[in-house]
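Next up: a single chain in structure tokens, the form predicted alone.
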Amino acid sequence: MELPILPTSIIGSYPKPRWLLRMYSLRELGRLPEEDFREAVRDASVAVLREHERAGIDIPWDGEMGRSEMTEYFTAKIAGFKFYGPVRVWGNAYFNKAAAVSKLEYREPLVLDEFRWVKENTTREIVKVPITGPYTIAEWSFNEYYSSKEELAFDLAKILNKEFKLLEKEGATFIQIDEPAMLNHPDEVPIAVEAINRAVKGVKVKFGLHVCYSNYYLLADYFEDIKVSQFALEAANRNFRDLDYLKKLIHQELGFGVVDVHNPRVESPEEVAKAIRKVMKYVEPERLYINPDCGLKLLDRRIAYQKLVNMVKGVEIVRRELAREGKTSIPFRREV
């Protein structure tokens, strides 16, 4: 399977249409039948897929239209978790933080229906399936049963491994593991690495690891230990400074973040192209994918879309330059 050089992708989340947010509110109030809510989510999913495709994204997803939050969505489906109520994250933002109150068990598929729907409704050959990783779920949950966070994370890895094998059987080719918390405690990074490796064991798909707003020099010490073929990392928010950690990225691909998801200013195509030229001093273009820093859900939808449009235009500038060197496509690598 071949892709154009510098394949473009998204990270995960995307702004929900305002009408879908109203559906979420009505559902929470008990004023919307579940069947109507599911139909609204699927309609929004198709709408977002079309936006990604119009923008020129090579490897899309549906923006997580059916997910309210990146850990609550998964813990609600895993037996052994219990919710006591919302906790404050920052400002006036809350989420339902789950507690592990008994041994965790795989009760039902986590994202299988999402994947099937997206695959059926996209024009693209490859889609990326983002799933929150075992360490981050453990870190962002209360532990009232396990003797340690390590034990909790490893049981979550077993559950995710079952899901990954199911997705592989259904035809998934690219899974992104989101681990925003894995560098929170430097002494626990080996636990996170082992949990990720247990989760992907025996699964023959392309795995990417997304870690954002963290100490990448610490992460770089583990590049060779983590059994994924790609690292998706943010750079725009750092103004593309301090990229020397990439000297340790010898074998895997880099999903390079060129769009700042916390800034409403839309980057120009020329700015995107300049950033790509800079990172190519560290990573050859054959190992580069291009994506936003992180999920786009906190931005206005029109701004998020234009950022993707300009991201693709910036990529096209560099693709024309690379074509003059005879570099136009790359193989879709599933393994390191």
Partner chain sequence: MIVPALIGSLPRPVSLAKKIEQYSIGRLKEEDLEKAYLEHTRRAFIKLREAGIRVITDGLYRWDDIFNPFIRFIEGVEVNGLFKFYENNFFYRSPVVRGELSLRENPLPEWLNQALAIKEEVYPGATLKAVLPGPVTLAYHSLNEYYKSLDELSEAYAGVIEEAIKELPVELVELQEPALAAELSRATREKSDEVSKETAKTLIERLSKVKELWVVTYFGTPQVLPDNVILNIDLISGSVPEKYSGELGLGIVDARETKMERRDRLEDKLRPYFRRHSRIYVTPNTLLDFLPESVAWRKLKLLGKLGGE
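All figures in this text were calculated on a predicted structure; none of them were measured in a lab. Numbering follows the first chain given and starts at 1.
The form predicted together with the partner chain exists for this protein as well; it is not shown, and the discussion that follows is about that form.
R88 is the sole member of R265, H251, K169, R88 with a non-hydrogen atom within 4.5 Å of the partner chain in the predicted complex. Of the residues W140, W117, F240, Y73, just one reaches the partner chain in the predicted complex with a heavy atom at 4.5 Å or closer; this is W140. Within 4.5 Å of the partner chain in the predicted complex, a heavy atom is found for all three of E144, L183 and N215. In summary, the region of this chain contacting the partner chain in the predicted complex, judged by heavy atoms within 4.5 Å and restricted to 193 to 201, 118 to 126, 93 to 101, 227 to 235, corresponds to 93 to 101.
Taking the partner from the other structure, the partner chain in the predicted complex has a heavy atom within 4.5 Å of a heavy atom of D187. At a distance threshold of 4.5 angstroms between non-hydrogen atoms, Y222 is out of contact with the partner chain in the predicted complex.
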